[in-house]
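Form predicted alone, single chain, as structure tokens, below.
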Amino acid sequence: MANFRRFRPDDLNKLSKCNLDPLTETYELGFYLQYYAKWPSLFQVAEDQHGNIIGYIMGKVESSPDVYKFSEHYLPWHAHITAVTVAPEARRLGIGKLLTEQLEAAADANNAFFVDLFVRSTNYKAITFYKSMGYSIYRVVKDYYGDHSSDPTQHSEDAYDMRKPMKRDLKKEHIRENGEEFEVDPSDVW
């Protein structure tokens, strides 16, 4: 059984089991600490009975800067999943789902319109997982990733911007059904 709790700085040395997956983005230490300092309640870990980190989620709540308020790419107050990952030996136990549900509850508590995330367009397992939790593709971000996870001859990879409406979005204004048809450049997302 997993224990769920907030991330602590001394957990940084315990994330390796989760970050060895080629589809998991790994960040510089300062990036993790920035999330810990700014959004501690949205940075959660799952640990096994031995204290090993077997999953984590990093998120934040934000909106686009006001200067972009009239841009077609403006994002209102929302929660963003920066990373969610589970160690290979702990997958298919519901840990990723529980971590995501915790972040969604925090999004509702923060009165967010939606939760969004970016996922590689070739990460079919993750896309299926998110769709099973009510996320849909809002748009395709062309060449978002500077590398390709499965084809070394490719120099970049597209991302799907996936979203799930929260309680505040009563009219479902921040999702769409045909998101695969909407392509944007990385410079269009904040």
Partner chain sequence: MSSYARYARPALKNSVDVPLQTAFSDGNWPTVIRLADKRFKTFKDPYYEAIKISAEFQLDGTAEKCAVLVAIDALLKQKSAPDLDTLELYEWAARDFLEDIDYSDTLGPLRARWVKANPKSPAAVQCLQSCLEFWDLVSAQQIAATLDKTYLNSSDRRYMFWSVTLTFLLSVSPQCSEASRKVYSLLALRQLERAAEITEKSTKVEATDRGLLTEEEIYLYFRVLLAHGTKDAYIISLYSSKLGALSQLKAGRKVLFWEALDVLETWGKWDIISDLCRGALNLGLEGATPTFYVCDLRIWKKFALAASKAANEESALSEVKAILKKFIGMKTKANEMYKKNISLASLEIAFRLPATILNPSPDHKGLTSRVVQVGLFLENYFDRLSAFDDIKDFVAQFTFEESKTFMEHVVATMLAQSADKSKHIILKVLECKFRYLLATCPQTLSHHPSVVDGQKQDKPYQCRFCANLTSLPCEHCLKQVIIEAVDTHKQIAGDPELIGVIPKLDRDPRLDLAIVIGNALLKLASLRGQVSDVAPSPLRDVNPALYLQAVLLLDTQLKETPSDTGLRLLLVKLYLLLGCASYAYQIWIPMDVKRTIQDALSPIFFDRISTISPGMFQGSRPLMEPLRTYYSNSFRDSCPLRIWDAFSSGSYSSILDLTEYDSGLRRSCTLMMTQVEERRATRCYGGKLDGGIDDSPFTEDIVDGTTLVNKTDYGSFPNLESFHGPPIQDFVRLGPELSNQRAHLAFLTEQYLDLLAFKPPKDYKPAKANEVAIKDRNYILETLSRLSNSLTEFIHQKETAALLTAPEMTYYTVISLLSAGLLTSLSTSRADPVPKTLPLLSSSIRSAFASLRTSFLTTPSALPDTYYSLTNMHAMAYVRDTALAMKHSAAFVFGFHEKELARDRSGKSSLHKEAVAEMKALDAVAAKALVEIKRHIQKLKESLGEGGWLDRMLEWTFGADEDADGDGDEVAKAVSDVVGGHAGAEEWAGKVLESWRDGVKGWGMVKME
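Since the model is a prediction, treat every value here as computed from it, not as a measurement. Numbering follows the first chain given and starts at 1.
Keep in mind the form predicted together with the partner chain is missing from the figure; the text below concerns it.
This chain appears without its partner; in the predicted complex, the one residue of Asn52, Ser156, Ser136, Thr122 with a heavy atom within 4.5 Å of the partner chain is Asn52.
Note on the partner interface in the predicted complex: the residue among Glu177, Asp10, Glu173, Glu181 having a heavy atom within 4.5 angstroms of the partner chain is Asp10. Look at 161-169, 23-31, 137-145, 122-130: in the predicted complex, residues with non-hydrogen atoms within 4.5 angstroms of the partner chain sit in 23-31. Taking the partner from the other structure, the partner chain in the predicted complex has a heavy atom within 4.5 Å of a heavy atom of Ile95. In the predicted complex, the partner chain lies within 4.5 Å of some heavy atom of Asn3.
By the criterion of a heavy atom within 4.5 Å, Glu47 is counted among the residues contacting the partner chain in the predicted complex.
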